[in-house]
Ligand SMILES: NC(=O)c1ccc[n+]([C@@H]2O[C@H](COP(=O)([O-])OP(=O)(O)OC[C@H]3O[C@@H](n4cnc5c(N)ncnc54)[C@H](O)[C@@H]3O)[C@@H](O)[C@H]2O)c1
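First, one chain by itself in structure tokens, the form predicted on its own.
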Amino acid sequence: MSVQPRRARVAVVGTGAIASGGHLSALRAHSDRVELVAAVDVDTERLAAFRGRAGGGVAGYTSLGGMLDVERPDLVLIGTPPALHREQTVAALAAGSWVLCEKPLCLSLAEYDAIAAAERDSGAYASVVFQHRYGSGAVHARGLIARGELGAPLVAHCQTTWHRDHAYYAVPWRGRWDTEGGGPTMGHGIHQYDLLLHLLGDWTEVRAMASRLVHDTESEDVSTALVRFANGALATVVNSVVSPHEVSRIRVDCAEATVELTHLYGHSNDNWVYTAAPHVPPQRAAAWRTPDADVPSSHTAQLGVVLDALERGLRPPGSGDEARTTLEFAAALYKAAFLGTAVRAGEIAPGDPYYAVMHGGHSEWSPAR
């Protein structure tokens, strides 16, 4: 008789909207593999409401350390404001728990390297929530590009043009360098350009501009970048929270085909479109169609991959160097925008002002309109 594997014991830290929505849905979808044992929040009313939605058996704590000491969970899901991510992730790792944390995992490359050191000391792993990588359409497109079936990647566009009103920035931690790490470059567009990097591989050079056009925030509300990839492809990246017509879009023009993704906050197979070059035979183009099985991009999809890695004791996707590359891209974009110069991969190292903080010491930056 086969023995069913033990369900992973999971704790949620931060019980606001993202935990009550994406994380709780993901846990329910994987209820055969996980047991939600605890939730942590400093707001006792919010904590009680979450525990009510989660059902019986979920212990409540107002202290992360107290929860870790008592519960010793296998996996901690972190959905608190960004300034808390590094400290909470390191604490969970030190307790031997794996971590799946909302983006950004931390606010600087220095903080990321502190998390990497905590991983090495503990043997546990920390992943960042970049759920768009894990939809079946993205998995399929990445495979086609990596195998060269669409020809060499040549030109790409990555667009996150969203709209956030003044009430959105009334939340005290938003739009501030020390609590959010930046503007839409860190808090909004990071999902799309993470997927772009996932599709195209290593980037080598970034040139950028950024500005504060509408909102009275410390950080930018628009940023744009030109990117060169190691494979020779060139790309544009736009991150905005001042765009009335909201859309998230990635387009990659390869020698044999264009692949396009258009959505807003999540994609399914139907959001991906392939257009063959005129010389490509129809039967070849037919082989590019997205798979029949449709796995939407979601916390559910990513949690499944993390659980697979946890059960095998292997580093999960979306952690380690993979996640650091995306954060380094954000730092390079800011450095390029502040200094008006090209920034190359690998140049932001300890001692560089942009290694410690995304604004590189320009916290009062207010570029000309």
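Bear in mind that the values here come from a model prediction, so they are computed numbers and not experimental data. Position 1 is the first residue in the sequence shown; the rest follow in order.
Unshown form predicted together with the ligand; subsequent notes refer to it.
The ligand is not drawn, but in the model of the complex it has a heavy atom within 4.5 Å of I18. In the model of the complex, the ligand sits beyond 4.5 Å of every heavy atom of H267. When the ligand is considered in the model of the complex, V42 lines it closely, a heavy atom lying within 4.5 Å. In the model of the complex, no heavy atom of I250 sits within 4.5 Å of the ligand. Put simply, of G137, G175, G79, P73 only one has a heavy atom within 4.5 Å of the ligand in the model of the complex, and it is G79.
Of the candidate stretches 217-225, 276-284, 125-133, 251-259, only 125-133 has residues with heavy atoms within 4.5 Å of the ligand in the model of the complex. Taking a 4.5 Å heavy atom cutoff to the ligand in the model of the complex, the contacting residues in 100-125 are E102, K103, P104.
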